[in-house]
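Here's a solo chain for you in structure tokens, the form predicted on its own.
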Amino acid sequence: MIKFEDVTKIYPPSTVGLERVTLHIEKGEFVFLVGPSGSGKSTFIRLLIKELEPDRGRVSVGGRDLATLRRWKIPYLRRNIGCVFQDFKLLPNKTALENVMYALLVTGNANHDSKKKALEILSLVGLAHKEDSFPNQMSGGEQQRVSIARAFVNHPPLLIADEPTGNLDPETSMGIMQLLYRINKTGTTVLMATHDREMVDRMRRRVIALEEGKVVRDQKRGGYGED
């Protein structure tokens, strides 16, 4: 699903984003991307969705070399990648249902079944009863569930979660993790960048640790800070 081959990204004049990163993430894996602030996690994600270009090396997603992807095809790439963020990024003037339906609209997948599909996904994340609620009428955990529903409504083969539990209490965070785990069980590859040490230690999934732009650890069933 994801392949980095000797990837380097330098921010002018000389700040290292990533340095000679080589790794593969297979279809259906659940992977934690960990490391301190400035370690390269955001650069890694921005390269995946082609917000950035590597200075060296090759990035492939779903078997497609992103260097050969023409500009007009970038939206098609992003349709196959669901993204969940720490600050939810919900549209404040739209209800939970409308936020999820909007994801179908902007990816060109809206049709007469859009409302039904969006309701099914809201039900999957346990929020069918909140379909008419606006973001400011929901808790942080509920807003994050809507964000996940929006990212998953197109059933993307890859879901990227960037600090999805960063603003949530431990109990709510566990609920979000269980939801992402269920989504992963449907076959979606999940890549989660996180600082949540307890969560990573509890889940015991593959851990890729970055430090100063380099991969310093890649463990199949690792914890947050293990050697």
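All figures in this text were calculated on a predicted structure; none of them were measured in a lab. Residue numbers run from 1 along the displayed sequence.
Although it is not shown, the form predicted together with a further copy of the same chain is what the next lines describe.
Only one of 62 to 70, 25 to 33, 184 to 192, 166 to 174 lies within 4.5 Å of a further copy of the same chain in the predicted complex by heavy atoms, and it is 166 to 174. Proximity of E198 to a further copy of the same chain in the predicted complex falls within the 4.5 Å heavy atom cutoff.
In the predicted complex, S123 stays away from a further copy of the same chain, with no heavy atom inside 4.5 Å.
Though the partner is left out of this view, G140 does reach within 4.5 Å of a further copy of the same chain in the predicted complex, counting heavy atoms only. K130 belongs to the set of residues with a heavy atom inside 4.5 Å of a further copy of the same chain in the predicted complex. Contacts between stretch 1 to 19 and a further copy of the same chain, counted in the predicted complex as any heavy atom lying within 4.5 Å, involve T15 alone. CA of Q178 to CA of N136: farther apart by 3 Å or more in the predicted complex than in the shown form. Between F88 and S42, the Cα distance is smaller in the predicted complex than in this structure, by no less than 3 angstroms.
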